[in-house]
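Okay, so here's just one chain, in structure tokens, the form predicted alone.
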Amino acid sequence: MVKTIKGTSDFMESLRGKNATFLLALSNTKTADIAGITQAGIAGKIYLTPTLDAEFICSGSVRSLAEVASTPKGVPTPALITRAVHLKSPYGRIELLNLGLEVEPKIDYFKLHNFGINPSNTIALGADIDAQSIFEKGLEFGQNYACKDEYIILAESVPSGTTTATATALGLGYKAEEYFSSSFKESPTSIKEEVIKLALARLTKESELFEILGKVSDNMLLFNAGFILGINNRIPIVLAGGTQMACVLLIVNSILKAMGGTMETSNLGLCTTKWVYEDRSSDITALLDMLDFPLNSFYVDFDFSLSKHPALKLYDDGEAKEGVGAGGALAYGFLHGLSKEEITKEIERLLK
């Protein structure tokens, strides 16, 4: 059920039956406040999406709002998928990374790592991020992180993150205009293009790497790039995500180029959903082809063909696609012997 995009299947097979720490990177960017740019959450309260995702994955309930986040069309958060896998085959532990939240999740007993990071501004006005500082926080955290399980699943919840990821890739000089996915079936291209145009207009030919990132990126992208370099291949990491995680790798790629450095990637992989891999309006394979280092990458052959639930069928129609580590979570479930039917039934149960 786990299919190879690039590299070798041996990487994922080596993780079969092993326990993972699920690290969820959470952040807000005011880019998400722009009307119509994202549907990753409840209209007017998009900023709560990562908070609610964290609460739901950890506890099975949302505490900062009455209902779990869903899109205006009624597509429930991918956190349902991640939570369902955890209930059937638990992750070794779940830890949260607060990379700039408007509202901290109401969670006890679960490790919440705080780094003193504020939510970033909209990239339309300049993200106003101290990019080098955020990157260095990630680098230091990776260097010192003691994983208590056999590997790490690194996931994210950042509304409007595909917009900031697109701006980041373009700002760094990658020809990636049409390669990033969207939470919408039909991406709000005109809105995104205008925002990205405004963001890129703030750059000059003289803009240095971290200056560029400080204006057009988001905290999750920067921190996770640092984290990966900080881990430095000593612990296997599965980047559980789609085009946003591909952008994290593009940042790593650009930093290595600027430093004249190299990175060993035998313990690094990316795993996304079938919905992202088969999405005709984006191209994650093309993004990964831009990397100067080898990477094992995968997608999970899972859909809701076994379900009759109308909200879940919207995933198969192209809504939502990925998020909150759904692809990596599904791979974890399959590598622990869960079936498509078991996972589907558990997700349906959570929706009742």
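Model, not experiment: these values are computed from the prediction. The first residue of the shown sequence is 1; numbering continues from there.
If you look for the form predicted together with another copy of the chain, you will not find it shown, but the lines that follow are about it.
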Contact segment among 266 to 274, 129 to 137, 249 to 257, 163 to 171, judged by heavy atoms lying within 4.5 Å of another copy of the chain in the model of the complex: 266 to 274
N296 within 4.5 Å of another copy of the chain in the model of the complex, heavy atoms: yes
E150 within 4.5 Å of another copy of the chain in the model of the complex, heavy atoms: yes
Interface residues of 1 to 24 toward another copy of the chain, as seen in the model of the complex [heavy atoms, 4.5 Å]: T8, S9, D10, F11, E13, S14, R16, G17, K18
